[in-house]
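Next comes just one chain, in structure tokens: the form predicted alone.
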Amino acid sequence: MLSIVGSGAMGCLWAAHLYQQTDVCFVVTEPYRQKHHLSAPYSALSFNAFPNALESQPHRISTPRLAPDTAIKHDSTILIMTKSYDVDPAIIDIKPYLGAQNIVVLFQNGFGSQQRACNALGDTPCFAAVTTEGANKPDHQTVIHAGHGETVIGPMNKPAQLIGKAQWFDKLAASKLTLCYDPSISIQLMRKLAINCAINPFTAIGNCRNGAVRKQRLFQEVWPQLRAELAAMLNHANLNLSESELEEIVFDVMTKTANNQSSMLQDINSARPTEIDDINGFAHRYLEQHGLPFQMNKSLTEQVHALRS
């Protein structure tokens, strides 16, 4: 059984790619039940999926929604695809049903929620995923695979290191999404964090897609200072990227994902909380903690928060 916690764009995208290869269900945690006003027994989650951006006809997907005690078997792989701020309550609900035979894969943006989940789950093997797949839900009944990328997965705790790349990975690879394994996933997480810090807040503030960020006056004005802060963060974490190398990476991502709407912009447009506290907010706290300049990351965090006030 493959169990997915979180039925947003990314959760539905993976369900759409896996439902014909394995048994897939969505886990109804208590916050999810309250948000969607559900009562047991739960109806299946049905939606139209466009797994390929070139397809004009959708696939109709119907996936069971089950309570944690039913959804999680002794050998289940659990994909946690909630927002970073929803990880903690999700872990509280599923923890009683998890053991050393389960696999948990965390798909959150930013940094911090992954470590909290590992600390809470103890002996359960925890992996983290960094993905550049683009997905959005223009409405509750539709998920669109908006941009093809790759997903890198690696171990976050000692039990995961001991298991390594095993059958659970092959199960995910059946999705036909591009999947890679990296035993040093923390490096990938920090790199992705810096990219998100450089793109996501500007898409939210400027209400634009990724490809338009470089044209923004705000971005042009603050990028030199932000670039310096992010390079300092990466170098302190032993990634050793120069400011020019970081800029090349960020601009390349902007170009390759030009038509993508960042998850932060989607959250703002849907009047939902954003993950800014685990993106630029994390960078601000990390830099300040280590005595490094942090003011631009702090300012961007405050500006995104102000969008919801």
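Because the structure is a prediction, the values reported are computed rather than measured. We number the residues from 1 along the sequence you see.
Another form exists, predicted in complex with a small molecule; not displayed. Remarks below refer to it.
Novice: Residue 195 versus the small molecule, in the model of the complex: is there a non-hydrogen atom within 4.5 Å?
Specialist: Yes, contact at 4.5 Å.
Novice: Whether residue 90 contacts the small molecule in the model of the complex should be assessed with a 4.5 Å heavy atom distance threshold; does it?
Specialist: Contact check for residue 90: no, nothing within 4.5 Å of the small molecule in the model of the complex.
Novice: Do residue 262 and the small molecule come within 4.5 Å of each other in the model of the complex, heavy atoms counted?
Specialist: Residue 262: yes, in contact with the small molecule in the model of the complex.
Novice: Is residue 61 close enough to touch the small molecule in the model of the complex, meaning at least one heavy atom pair within 4.5 Å?
Specialist: Judged by the heavy-atom cut-off of 4.5 Å, residue 61 is well away from the small molecule in the model of the complex.
Novice: Heavy atoms within 4.5 Å of the small molecule in the model of the complex: which stretch among 187-195, 100-108, 233-241, 150-158?
Specialist: Going through the listed ranges, the match is 187-195.
Novice: Pick from 204, 199, 72, 81: which residue has any heavy atom within 4.5 angstroms of the small molecule in the model of the complex?
Specialist: Exactly one listed residue reaches within 4.5 Å, namely 199.
Novice: In the model of the complex, which of the listed residues (124, 77, 210, 114) lies with a heavy atom within 4.5 Å of the small molecule?
Specialist: Checking each option against the small molecule in the model of the complex, the one that comes within 4.5 Å is 210.
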